[in-house]
Structures are given as structure tokens and as C-alpha cells.
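Encoded as C-alpha cells, the following chain is the form predicted on its own, with no partner shown.
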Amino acid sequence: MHELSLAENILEIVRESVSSNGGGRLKSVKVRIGELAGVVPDSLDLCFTALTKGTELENAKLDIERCGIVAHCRDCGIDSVVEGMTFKCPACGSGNIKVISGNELQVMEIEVDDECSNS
């Protein structure tokens, strides 16, 4: 299950970011996952929860945003959303397309409670 190693990498990014920005308690992490990334969101969430249990990150929420597949047609120049796994331009029917979105796996946002501001 590669979602476990992905969750470990996400937590590494989070820990580095939180420590380099002065600390605080992690509230949530927002990640963007493309349809072609080969990630099962429920499995990633389960792994994230298991890895944070009993740690300072235990109550943090993993917010997963799915993004669809977008392709650029090299023949007509149109960018369009690919429905299902039909990799043809909906405008002209050409198969001469380039996928420009859908492979993403990005940490988009890290939300932290700034403990210092509660004084």
C-alpha cells in the first residue's frame, strides 16, 4: 500500500513547515490528488490517521481535494475535462491530446493554531 509512504511524506512536509514557521498545533492539511495519481483517498486518510495517533498531530484533519483530468488538444488548441478514460478531444474528436492536469499530488495548505496568540 503506497498510501502509507505518501502519508509519511505528507507528515514530513508538515513537520518541516510547522517547525520552520514557529511551531503551533496542526489543525489540518489540505492535499490535492489528481484522478491519475493512483491514490485511494480513503486509504490515504486511514494511513494519515494511523500515523498521527498518539502524536502531537493526532487531532489533525486530512482534507483531500480531488481534481479531474484536463487535456490540451494539439489539433484544435482546446483545453477540456476528460470524462471517464476517453482520451479524445470533445471539441474535434482528435486523440492528439496532452494531459495537463490530473497527475497531481500536492500539499496545498497547512493550517496551524498559533498557540502564542492565545496569551
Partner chain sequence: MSVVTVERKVLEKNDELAQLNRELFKKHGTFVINLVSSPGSGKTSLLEKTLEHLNGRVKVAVIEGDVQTDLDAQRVAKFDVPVVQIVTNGGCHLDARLVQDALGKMELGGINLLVIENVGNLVCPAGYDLGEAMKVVIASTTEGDDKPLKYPAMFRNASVLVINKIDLVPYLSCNLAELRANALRINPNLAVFETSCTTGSGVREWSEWLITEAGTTSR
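Residue numbers count along the first chain shown, from 1. The model shown is predicted, which means the values in this text are computed figures rather than measured ones.
Not pictured, yet referred to below: the form predicted in complex with the partner chain.
At the 4.5 Å threshold, heavy atoms of N59 stay clear of the partner chain in the predicted complex, well away from it. Interface residue remark: S17 is counted as part of the site for the partner chain in the predicted complex, having a heavy atom within 4.5 Å. The closest heavy atom approach of G68 to the partner chain in the predicted complex falls outside 4.5 Å. Residue contact with the partner chain in the predicted complex: K27 places a heavy atom within 4.5 Å of it. Shown here without the partner chain, the chain has N21, K27, L36, G38 in 21-48 lying with a heavy atom within 4.5 Å of that partner in the predicted complex.
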